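The chain below stands alone and is given as structure tokens, in the form predicted alone.
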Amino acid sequence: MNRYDLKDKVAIVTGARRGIGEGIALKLAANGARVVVTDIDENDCQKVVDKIATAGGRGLALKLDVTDEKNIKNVIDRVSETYGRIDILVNNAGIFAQGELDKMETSVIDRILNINLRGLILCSKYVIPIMKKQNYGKIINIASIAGFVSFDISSIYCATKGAIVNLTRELATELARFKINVNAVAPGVIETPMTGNLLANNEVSKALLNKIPYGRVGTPQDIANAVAFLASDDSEYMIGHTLVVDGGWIAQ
């Protein structure tokens, strides 16, 4: 297992009750971080914290709805008051929804934008003053290869992920002088509950695998490894980079 020194660092992971977020939370905790596991279902978050504790790590479960600005502020305030600092923010919360734009309900468009993009922006907004005061911080945004290439009937999803890539680049240049590293990870197709229906379809699964030179879909662990590196001081000189973890999809 890859090891990075995150001893006693305080990390918040959004959308961490399952899938990629859970994998990231477990990985950061295994490397010594105190991990605040957040998502819309606090009971599910506690199950992840229980796994962290069983493995000898430390964690805290908090309910967080990234579409609720007040909830975001309250969670960040609580973490800061509890631990006295916030070293790492992993903006992972997101949803994948397909649909032709002209047939998509505006409410669905708003939901994708609010969770994938607005929530990420607001979580960053409220953690930045704490990191500035510390003169230290790591913000890691979970983008997607959909921020670089098109996905079938996924225009709004692709728009949010492309925005995250560019936001990462711009925010990184603003915050570098405060020794706050802002980077992103762009997963390819990862086996999670969110992609379960797609991968369960043999034809779709075969078509996706044909786009992946490495010959398999990714796992949450693949993404967690990249996040742990960016969360560590081994990545100190990386600023505004989006690390693509996709088995070679966009390299073709």
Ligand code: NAP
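Start at 1 with the first residue shown and count on from there. Values in this document were obtained by computation on a predicted structure and should not be read as measured data.
Here the subject shifts to the form predicted together with this ligand, a form of this protein not shown in this document.
Here is the short version: of Ser205, Gln221, Gln46, Thr67, the single residue with a heavy atom within 4.5 Å of this ligand in the predicted bound form is Thr67. Distance criterion of 4.5 Å from any heavy atom to this ligand in the predicted bound form singles out Ala93 from the list Ile76, Ala93, Ala172, Ile130. The stretch that touches this ligand in the predicted bound form, counting heavy atoms within 4.5 Å, is 140 to 148, out of 172 to 180, 101 to 109, 82 to 90, 140 to 148. Looking at Ile190, you'd find a heavy atom of it within 4.5 angstroms of this ligand in the predicted bound form. The shortest heavy atom separation between Ala11 and this ligand in the predicted bound form exceeds 4.5 Å. Among heavy atoms of Gly240, none comes within 4.5 Å of this ligand in the predicted bound form.
Interface residue remark: Leu122 is not counted as part of the site for this ligand in the predicted bound form, having no heavy atom within 4.5 Å. Contacts with this ligand in the predicted bound form, taken as any heavy atom within 4.5 Å, map within 102 to 131 to Ile115 alone.
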